[in-house]
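Here you get one chain, nothing else, as structure tokens; it is the form predicted alone.
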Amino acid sequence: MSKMKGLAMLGFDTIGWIEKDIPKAGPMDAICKPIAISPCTSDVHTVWEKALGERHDMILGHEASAEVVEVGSLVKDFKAGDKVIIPAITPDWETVESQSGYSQHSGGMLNGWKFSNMKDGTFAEYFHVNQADGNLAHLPDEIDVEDAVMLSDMVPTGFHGANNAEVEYGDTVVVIGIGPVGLMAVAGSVLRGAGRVFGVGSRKKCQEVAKFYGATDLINYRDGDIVDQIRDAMNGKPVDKVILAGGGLETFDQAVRMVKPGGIVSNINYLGTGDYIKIPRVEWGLGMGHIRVTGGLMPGGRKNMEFLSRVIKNGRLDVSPMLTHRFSKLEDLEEALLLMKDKPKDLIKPVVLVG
């Protein structure tokens, strides 16, 4: 067999099934077949918001647990038949950017993000993983394959938001957007010791799960300006940290208006539309308020997957409440992706079991 099928972006606003050659492994690479896959809001941004520009016949997807079917001659730690976690970000580890601590941008801005950005992704019968020894992680027996999919992107991105915010013991943290990434930002903030966590979102299911992960307060943006609501809850005082995991460009303005001098605004939201981010001059201390605004793509690679898998393996984190919709065959991917686009009220994250 030399051909495979995959769910692709055919062009702006259009997805469909296509046939392509099965990819080949270079000396350091691996070919994998998915066991479990999950679509992401990032796929929605890419196809329907035109966030990355034109992509024609590019197979979508960047979240999967998988089985290795072939490895290159120089791969040392993996072999055919191994069950693995696939990180959404698979850097080129020999680059200057990787050596400088920014592997996500190996070879250029966002170039560590290869699946469904620079090359075909995981929504296929087979997919290619570059530099397998650095970008695959063995799947522990104690972790279900569907839970492992959350380690591809949702857990590391949410935790990265908490890490970049430098959440400390006792901090008051606001997480704007409590979809799956925001929920993991709540969980990550709690694990880092946050004393109070506001979760901002309107969907009841997401609010319920935010409480499960440790949110102490829930704010619904449909009830009025979230800055006013949080200020009221804080008796007029600012918060320590804000993590942006949803919403649009307006969230930066809101975050700066609610955070304290010396606080941190940490963005992990994929900004799919718009041209400029506005920062309120006065609330930013006329540019001198020591309010740090940062944004970062999640770190990828093997080490991060192995470290985070310990958190699940040893009972520190249960990702199963996020998995609200389950499908049983590859062909269901299209329906699952459209669910992420339409976001029904009972949805957090769909998973497609194909192994």
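Computed from a predicted structure; not experimentally measured. Note that residue numbering follows the sequence shown and begins at 1.
We do not show the form predicted in complex with a small molecule, though everything after this point is about it.
Report yes if all three of 55, 112 and 134 come within 4.5 Å of the small molecule in the model of the complex by some heavy atom, otherwise no.
Not a single listed residue reaches the small molecule in the model of the complex, so no.
Could you confirm whether residue 126 comes within 4.5 Å of the small molecule in the model of the complex, counting heavy atoms only?
Because no heavy atom of residue 126 falls inside 4.5 Å of the small molecule in the model of the complex, the answer is no.
Is residue 22 one of the residues lying within 4.5 Å of the small molecule in the model of the complex, judged by heavy atom distances?
No, residue 22 sits far enough from the small molecule in the model of the complex that none of its heavy atoms falls within 4.5 Å.
Should residue 153 be counted as a contact of the small molecule in the model of the complex, where contact means heavy atoms within 4.5 Å?
Contact check for residue 153: yes, within 4.5 Å of the small molecule in the model of the complex.
Can you tell me whether residue 291 touches the small molecule? I mean in the model of the complex, with a 4.5 angstroms heavy atom cut-off.
Outside the cut-off, so no.
Which pick from 245, 173, 149, 215 sits with a heavy atom within 4.5 Å of the small molecule in the model of the complex?
If I apply the 4.5 Å criterion carefully, the residue I get is 245.
If you check 187, 268, 255, 86 against the small molecule in the model of the complex, which one has a heavy atom within 4.5 Å?
It is 268 that has a heavy atom within 4.5 Å of the partner.
Want to guess which of 227 to 235, 258 to 266, 200 to 208, 115 to 123 is within 4.5 Å of the small molecule in the model of the complex, heavy atoms only?
One stretch meets the cut-off, namely 200 to 208.
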